[in-house]
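Quick heads-up: it's one chain on its own, the form predicted alone, in structure tokens.
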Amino acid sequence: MSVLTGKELRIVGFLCNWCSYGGADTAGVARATQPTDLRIIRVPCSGRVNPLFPLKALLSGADGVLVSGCHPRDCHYSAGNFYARRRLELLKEFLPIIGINPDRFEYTWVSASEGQRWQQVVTAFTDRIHKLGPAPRFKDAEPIYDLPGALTSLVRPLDCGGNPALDELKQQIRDALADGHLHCVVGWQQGYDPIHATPLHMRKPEDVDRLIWGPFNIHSTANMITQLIKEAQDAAMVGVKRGDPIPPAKKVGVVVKGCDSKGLVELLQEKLIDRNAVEIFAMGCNGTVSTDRILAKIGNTAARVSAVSGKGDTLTVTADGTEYTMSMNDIAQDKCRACKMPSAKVYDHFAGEPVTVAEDAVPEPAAIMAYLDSLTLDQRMGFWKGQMERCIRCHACRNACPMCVCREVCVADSREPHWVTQDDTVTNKFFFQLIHALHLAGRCTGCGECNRACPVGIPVGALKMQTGRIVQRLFDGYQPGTDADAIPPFLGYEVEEKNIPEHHIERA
């Protein structure tokens, strides 16, 4: 039983083999009195502790989780704890958004010779957890189904009219296709009605005539680029015999808005695509719309839309013979409300003039984040439980994400490791969303495709927004997808972190 209260709580400890586990052993050899609540898991290095380990433990019923490793600058593997420090600090600040008290998680440093310090660490942390009491269980939370209805203001005026530079863009693409060095160019074309667009794969100059540009260019073209590059590489190998020299693959062209180009830049940062394999066509974006909000204005999701026209910030939609006039203020996508990069920074061809935003423009917080910030921890847990009850596990959020390039080996489908089971439980479904969010930490460009693609309207993008807020604070305003030469924050470290303290537990 616990030496603190006589009743044990469930506390999990991840201890580095070379230092902290040795420190715990030293304390045991010295017969130092310690609480018995802690269940130790021995790991090779604190850098081996994926943030999903503590998160899984907390969601599975642990009342507290402690990670302990070598002191910074004294790692057995030189830099493992430097990487761990960034990841674990991210996790600690991420926990409140899902309703878990961050005091239930801690990380610290104990060397093999510090038996007394280990005793102080484990006693202080166990005392903290006993004061908090048993952790609330996600499966027992009272579900909340409310969603914020208010929209945030626009950071700049949006325009739903045609772009006068579209003909120039089309000619640039025709010239590139006629040159013969492109496998194809991906853009947008009208879908089954005027308010829906679908991908357009332009392989011949005459295909370019179907290209559209405007408020309905909603989905991200960056989502398709890795698959198209592979397709181009496979096409180059057709007819090549073993031993023959490998011919160079043709480039893949992609038409981008500002937000799409951020996805490409992030892929370039992580060397997931080769800059020489893509040719980028860009034009300034005046904003895109939410088709769901348009249909809500019409009042009939089954209405047949026959015509659309736009001028300035006003869109006129003809549905079932009736005209509906609506403002971009009411129907714009949330990401467009806060977008400060409407024009691509990296491109090979640019049509027209770039669209700019005032440097001093400050976007309002997204409505969903303001709503979550207003809730208590218990209410946030209930909110996510209520949302996950509606999840149908279609994985549309993952499939629409430009940064999810490992779909063939996704942890959602993997059995080794077996992170996510096929059990249809809210906890299981929620854990997949947490995996997605933490995998995108420091990488999510805020394209909003996960929210847009969800067929039941779950605001899963809020989890990525939270990691984005944390990354900006910890790494001096770092913005993914804006600098192809930058190193993503969780692929590097600083010996002296400016905004991350070297954590120590109270009284230890």
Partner chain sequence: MRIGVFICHCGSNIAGTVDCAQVAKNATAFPDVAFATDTMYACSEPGQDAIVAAVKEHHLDGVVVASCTPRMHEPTFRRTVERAGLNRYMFEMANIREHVSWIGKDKEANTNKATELVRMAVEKLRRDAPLYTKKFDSVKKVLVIGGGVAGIQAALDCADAGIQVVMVERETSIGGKMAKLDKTFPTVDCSSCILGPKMVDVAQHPNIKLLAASEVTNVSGYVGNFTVSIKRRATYVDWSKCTGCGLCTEKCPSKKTPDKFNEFMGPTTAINIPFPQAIPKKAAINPDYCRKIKDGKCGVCAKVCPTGAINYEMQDEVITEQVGAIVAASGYDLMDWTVYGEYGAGRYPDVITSLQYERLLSAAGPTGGHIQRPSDGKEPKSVVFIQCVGSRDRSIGRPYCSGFCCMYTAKQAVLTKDHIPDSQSYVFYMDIRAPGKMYDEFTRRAMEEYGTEYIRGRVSCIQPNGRGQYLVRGVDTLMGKPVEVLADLVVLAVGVEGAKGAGKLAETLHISYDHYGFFMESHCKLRPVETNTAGVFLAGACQGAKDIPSSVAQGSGAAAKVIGLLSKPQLESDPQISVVDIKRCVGCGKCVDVCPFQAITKQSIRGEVKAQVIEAVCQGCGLCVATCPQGAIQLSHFTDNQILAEVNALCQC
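Numbering follows the first chain given and starts at 1. Treat the numbers as computed from the prediction; the structure is a model and nothing was measured.
Here the subject shifts to the form predicted in complex with the partner chain, a form of this protein not shown in this document.
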Segment assignment from 372-380, 166-174, 266-274, 252-260: heavy atom within 4.5 Å of the partner chain in the model of the complex: 266-274
Does the partner chain get within 4.5 angstroms of any non-hydrogen atom of residue 76 in the model of the complex? yes
Would you please decide whether residue 56 lies within 4.5 angstroms of the partner chain in the model of the complex, comparing each non-hydrogen atom pair? yes
In the model of the complex, residue 25 touching the partner chain (heavy atom, 4.5 Å): yes
Although the partner isn't part of this model, could you tell me whether residue 419 comes within 4.5 Å of the partner chain in the model of the complex, counting any heavy atom of the residue? yes
Non-hydrogen atoms within 4.5 angstroms of the partner chain in the model of the complex: do 150, 432 and 464 all have one? no
In the model of the complex, the one of 87, 335, 130, 104 near the partner chain [non-hydrogen atom within 4.5 angstroms]: 87
Suppose contact means any heavy atom within 4.5 Å; which members of 409-442 contact the partner chain in the model of the complex? 409, 410, 411, 414, 415, 416, 417, 418, 419, 439
